[in-house]
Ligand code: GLA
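The chain below stands alone and is given in structure tokens; this is the form predicted on its own.
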């Protein structure tokens, strides 16, 4: 925070407005958001920071301090560019302008301590921080849900990723020591307290980098849509997998094994999220941890978005003392596993999982111990 503020002062010789927006973990509900289902995300204490201030002209000057890169354009010339990080900011600005909001030119410096490619939604944090900052700086009066939609639209139109809204919602609506039970159809949500003081959330980064723009992510989305179309031929009220039952999936997709597996996973995952909320309310973290493992097996065998490194990390973790649950997290094909570990055994877990993975993958995994925090907000530098 202080570094990006000082760089802004040195570069532009003025005081910036400073905003932070967090990354997120998703406890359960993977790949259900774009199927209008339920998700259970939480904001974490790793952030994208945006320092911003108005310019006297219509120019837009963007600096990524971590990459030592700079990009300039004008408000009227905003369009997708080749440099990936710019698109998450430019796409948001385009949404404001398209919505009739009066933006002026601005200087913006971005910095982030969210690991890229780890499945912690670093891109959503950048777009949400940018949206919150522009909204505050130019007094647009946009509510948080609309900001989340602006950030999501930026990913769709400028970054080329047909993501759901979970990541952006978590980054803007996060609440310390709570998870969000979000209905991705109605956007109704409730905060569920985390009564898990005896446990820690520990992320183990496989070091396998993935891009959600890769064809596999969009292919899974397409497969789910095809499954819905098939089911709707017999059950017209089924508009998304949110409406489908397991019986309908097996009945209507019996002759297409791939579509059956994809849709079966999503339907089962929606049920798990609902049941898992009751576990959290009771403080039954052992039962919750079992559902995490079930989710991983579904992602591994039915949705087929895991990889050998993630499977190894989960298989190893669930056989270690003090681990209640473990699963891959994020879009898939790399990134982190999320582990629910007894607090007193966290150091032992980190040592054992690191040693085992080093032997398996011939490289040290990055480990992140995270806490559940609040969503995007303005900071005082």
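Predicted model, so just to flag it, every value in this text is computed and none were measured. Positions refer to the first chain, counted from 1.
Quick note: we don't show the form predicted together with ligand GLA, though the next part is all about it.
Taking a 4.5 Å heavy atom cutoff to ligand GLA in the predicted bound form, the contact residue among 289, 207, 164, 115 is 164. Proximity to ligand GLA in the predicted bound form, defined as a heavy atom within 4.5 Å, holds among 349, 34, 312, 333 only for 34. Residues of just one listed stretch (50 to 58, 65 to 73, 341 to 349, 22 to 30) have heavy atoms within 4.5 Å of ligand GLA in the predicted bound form: 22 to 30. Taking the partner from elsewhere, residue 217 is found to have a heavy atom lying within 4.5 Å of ligand GLA in the predicted bound form.
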